[in-house]
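First, one chain by itself in structure tokens, the form predicted on its own.
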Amino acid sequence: MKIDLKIRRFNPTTKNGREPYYQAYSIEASEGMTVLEALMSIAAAQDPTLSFRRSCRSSICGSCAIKINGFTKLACSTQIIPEHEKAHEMVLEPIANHTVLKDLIVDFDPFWKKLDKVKPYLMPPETQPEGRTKEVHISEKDAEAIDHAQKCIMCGSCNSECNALEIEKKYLGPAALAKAWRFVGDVREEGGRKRLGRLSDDHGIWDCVRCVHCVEYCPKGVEPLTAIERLRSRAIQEGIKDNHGAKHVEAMVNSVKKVGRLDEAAMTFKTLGLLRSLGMIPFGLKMEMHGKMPHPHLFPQIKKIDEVRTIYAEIKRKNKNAKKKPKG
């Protein structure tokens, strides 16, 4: 079966290389052929200048992540015929939110630097007696809590599809934060609170907009969003609340407890504070012009608010009992 592929090319060393362009190739695709095999066939028989990354060809190394018909996938595990039948075309591009170096190859240096920022290793206790190692019992439940985060192959697919990273390049991103949970969530971790403090700073866990793309496009089921939500929860449990993200969560919780609904107008002041809220007035006016400005409720409390508060009381009771149970 003959299939045409349109590949986004970019070569900064050529005279006109600063502008990317698309180049078409035709291949004879066989049943079971992957996109990576198609790229290797083109490089071997048609155009040896075509540049792309690959290594294991078994969905283990993560090197071959590219955009296929607009969605980030591993080229080595995506079969070309079913993909072509589904989209009726084959457009291959480098992953998004990364600087393109050449053709389908992107610069992963910022990716590794962000991973390094979360300190991807267990932090030992600061005052451990010399020559002694504390034994830690790891239950099946303990191992399960970090199991998904350990499956990451560093392909960058989640970062490629991340809406928050598209807007703010300083954001640590889902890959690094999923790796952070792998250690924060480990029962052997001793420096969790210190690590969580850094992760709660600007461009950390609270920058995530919960678009769920990182979960949808991860080829290994890492579920970075789940890891980020667990990091947020743990940070609040540790009392790390001096940031807009934690304040916003507390404002939401208190609003529902108090009136049974989200009073968004009041939440703005509780999240940002008075001075910063005043600075948002021009933005608020633009929202009002487009019908997007939440208005305060004159009579905000819902009927049967006692039922809502009963739920809060029950959650508080269960959390209190959980803390009393011995570990191990």
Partner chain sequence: MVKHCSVFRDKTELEQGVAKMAELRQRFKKVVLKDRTDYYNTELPSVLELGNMLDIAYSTLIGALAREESRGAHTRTDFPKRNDEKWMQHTLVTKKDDTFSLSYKDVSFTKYEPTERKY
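Just so we're clear, the structure is a prediction, and the values are computed from it rather than from any experiment. Residue numbers count along the first chain shown, from 1.
Not pictured, yet referred to below: the form predicted in complex with the partner chain.
query = With a 4.5 Å heavy atom cut-off, would you call S59 a contact of the partner chain in the predicted complex?
reply = No, S59 stays farther than 4.5 Å from the partner chain in the predicted complex.
key: is_contact(S41, the partner chain) in the predicted complex, heavy atom dist at most 4.5 Å   = No, S41 stays farther than 4.5 Å from the partner chain in the predicted complex.
inquiry  = Under a 4.5 Å heavy atom criterion, is Q23 part of the interface with the partner chain in the predicted complex?
reply    = Outside the cut-off, so no.
request  = Classify A145 as contacting or not contacting the partner chain in the predicted complex by the rule of any non-hydrogen atom within 4.5 angstroms, answering yes or no.
outcome  = Residue-level check for A145: no, no contact with the partner chain.
ask   = With the partner removed from view, which of 145-153, 95-103, 114-122, 189-197 is the stretch that lies within 4.5 Å of the partner chain in the predicted complex, judged by heavy atom distances?
value = Correct option: 95-103.
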